[in-house]
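Read the single chain below, which is given as structure tokens and is the form predicted on its own.
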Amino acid sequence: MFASLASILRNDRATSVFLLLLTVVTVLASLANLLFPEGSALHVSTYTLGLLGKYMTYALLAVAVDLIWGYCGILSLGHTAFFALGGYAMGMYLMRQIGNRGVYGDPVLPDFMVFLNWDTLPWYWHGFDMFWFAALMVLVAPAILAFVFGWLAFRSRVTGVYFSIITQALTYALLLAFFRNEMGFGGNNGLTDFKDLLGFDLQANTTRVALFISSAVALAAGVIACRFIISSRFGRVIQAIRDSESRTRFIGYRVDNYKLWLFVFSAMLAGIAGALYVPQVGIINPGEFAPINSIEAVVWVAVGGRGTLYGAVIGAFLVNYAKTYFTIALPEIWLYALGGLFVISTLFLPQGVVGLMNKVMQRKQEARV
């Protein structure tokens, strides 16, 4: 397996270069934060590391979307549902770690449950005081939802725009459900006021650096895993489904099973991204289920370059950097700018930034010849 993976990376120069750049940036940024004092020209602030770490979790979500959309033609407009479920699983663990340090001092019940006069901890909160259980739920919860939803949808041969609509309906339904206080997930306020992770203070500089590095490692592992899948026989069948689902089905492949497996794997990647996002941002609330978030994830992939994986990462960084800038400098025009990005990339850059870069490089090579 490792030999075949090494062979894939050797033949895929673009992915290898991306992984090398990701490693260099991660190492240098971490060292610049830990070794150089504040005020130094070489110092990278903890705030900047946190921002980059958040972008990396978004990039992993974009990779998950690109895997199913770019290589299988499954356009999901509800993928942040899995991102948010992974985030809630991690948030529940972090809430259980607060213990009697909360506002109300209850050693078992989170503050919002005490405020709402809950007497006992709900059954589905049990086990989240253990990290291994929470880490398992980060994968299992999105996987179960994706399996049930995908099995019903693919078995009924729901495709195209109809699939996109029902995925959007799914995440909107979860948004409304998690807003209810009766659900036991903090209602509108969500889960917040986290203290520590695995016994380490979340506000400590070293912990923030460790979360940043973990996000980079997860992103690299996600890209490698997706590249391995796409380069395998399974991946060739997936791409055949994208190009002509009916023909692939006619040949004799169980198209529904292939799509379901890929959809579940993609949901698990999104769950991991959500779990890494929460301790770095410090909150998880129902707003993460908002359909607009899923649409933004699709825009990231479209801007970067659909069907490239590393292009999805580039798109996630570019769009979210623009969002950070515009929401501070010109907050009233951000949504217009986002819509404009999608229109421009669709009409003039169908292959995204990566496609544009490839064309420029190709023209330079032709000019040399």
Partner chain sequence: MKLPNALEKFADREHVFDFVNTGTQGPKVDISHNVILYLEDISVSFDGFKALNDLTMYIGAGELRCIIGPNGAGKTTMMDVITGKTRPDTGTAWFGQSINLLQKSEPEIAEAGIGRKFQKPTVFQMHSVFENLELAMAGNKSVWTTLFARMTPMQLERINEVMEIIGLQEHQHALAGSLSHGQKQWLEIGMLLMQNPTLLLVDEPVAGMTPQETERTAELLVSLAGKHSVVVVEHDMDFVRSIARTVTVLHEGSVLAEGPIDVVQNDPRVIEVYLGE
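Numbering follows the first chain given and starts at 1. Remember, it's a predicted structure, so these values are computed and weren't measured experimentally.
Keep in mind that the form predicted together with the partner chain is missing from the display, and what follows is about it.
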So, Ile229, Arg233 and Phe250: all three within 4.5 Å of the partner chain in the predicted bound form by heavy atoms, or not? yes
So in the predicted bound form, is the partner chain close enough to Asp201 to count as touching (4.5 Å, heavy atoms)? no
Should Trp261 be counted as a contact of the partner chain in the predicted bound form, where contact means heavy atoms within 4.5 Å? yes
Classify Arg208 as contacting or not contacting the partner chain in the predicted bound form by the rule of any non-hydrogen atom within 4.5 angstroms, answering yes or no. no
Any of the heavy atoms of Arg96 lying within 4.5 Å of the partner chain in the predicted bound form? no
Please pick out the stretch from 156-164, 209-217, 238-246, 169-177 that is in contact with the partner chain in the predicted bound form, where contact means heavy atoms within 4.5 Å. 238-246
